[in-house]
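In structure tokens, the next block holds one chain alone, the form predicted alone.
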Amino acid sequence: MNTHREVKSVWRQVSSVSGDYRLRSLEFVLGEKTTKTHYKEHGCIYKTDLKKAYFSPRLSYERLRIAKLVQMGEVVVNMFAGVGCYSMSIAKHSKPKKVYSIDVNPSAFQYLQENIRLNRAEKTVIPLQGDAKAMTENKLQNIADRVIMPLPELAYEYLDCALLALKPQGGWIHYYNFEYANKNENPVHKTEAKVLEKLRLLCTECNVYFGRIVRPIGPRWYQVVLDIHVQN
């Protein structure tokens, strides 16, 4: 804190991320006893509470990568928006028509709304509170050119909802997953095989155009992303 004067509070993570809201337990170390903070990234500013909403600065590169893939006039559905990092990055760095941003966590949704105002994205980013499955089935069928699924714990289970959100001609799914891989295994290839097996039962044609390890999360465990093109 003496070296980095902008740091006002230090907390130690004492549990893994868990639960429906992807929260972690934190232990106070030094400074102001608050978990509320501001974070700046690629020209965007985010308010969040680290005890009440999931947030990771380690996904900074991935958020900008996805934003730069979005084409002018596209409709995007962010199925697990959190406080809005992917959505705000897309609004800032591309020219989408709309970015529908869903989250079930009331605290995350509150910060999502606030971050939309902070980043002046009211005309582009549409916040929706609730479960992604219910929101897709009731409000967002057949509207999206692109669906983002940045919740590895639930992405596989919600693949059918992602297809439901895409326009009838198809579109893109950005799929995130946690994958275990032995020394002689490729976690990207393992994820691809599992996902394509399920998707090919649900749609006419789908292909993985890009995949990469986003980050290691434990011994032989990895977070993986696949960019999948679907033609229904």
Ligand SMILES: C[S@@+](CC[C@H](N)C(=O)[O-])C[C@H]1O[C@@H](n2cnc3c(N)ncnc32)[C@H](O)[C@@H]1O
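Not measured: the values here are computed from a predicted model. Residues carry their position along the shown sequence, with the first being 1.
What comes next is about the form predicted together with the ligand, which does not appear here.
Enquirer: With the ligand left out of view, choose which of A155, A132, I116, A91 has a non-hydrogen atom within 4.5 angstroms of it in the predicted bound form.
Expert: Here the answer is residue option A132.
Enquirer: Within 4.5 Å, heavy atoms only, which of L159, L151, I126, I143 is in contact with the ligand in the predicted bound form?
Expert: Looking at the other structure, the residue within range turns out to be L151.
Enquirer: Mind checking whether each of N177, K194 and L226 has a heavy atom within 4.5 Å of the ligand in the predicted bound form?
Expert: Not a single residue of the candidate spot has a heavy atom within 4.5 Å of the ligand in the predicted bound form.
Enquirer: The chain here is shown without the ligand. Which stretch in 30-38, 179-187, 59-67, 203-211 comes within 4.5 angstroms of it in the predicted bound form, by heavy atom distance?
Expert: Of the options given, it is 59-67.
Enquirer: Look up in the predicted bound form whether I102 has a non-hydrogen atom within 4.5 angstroms of the ligand, and give yes or no.
Expert: Although the ligand is absent here, I102 would touch it in the predicted bound form, with heavy atoms inside 4.5 Å.
Enquirer: Closest heavy atom of Y111 to the ligand in the predicted bound form, within 4.5 Å or not?
Expert: Result no; Y111 lies far from the ligand in the predicted bound form.
Enquirer: Is there a heavy atom of V76 no more than 4.5 Å from a heavy atom of the ligand in the predicted bound form?
Expert: Close contact is absent here: in the predicted bound form, V76 is far from the ligand, nothing within 4.5 Å, heavy atoms only.
Enquirer: Considering non-hydrogen atoms and a 4.5 Å limit, does the ligand approach A81 in the predicted bound form?
Expert: Yes, A81 is a contact residue.
Enquirer: Going through 17-36 from first to last, which residues have a non-hydrogen atom within 4.5 Å of the ligand in the predicted bound form?
Expert: Sequence-ordered list: D20, Y21, R22.
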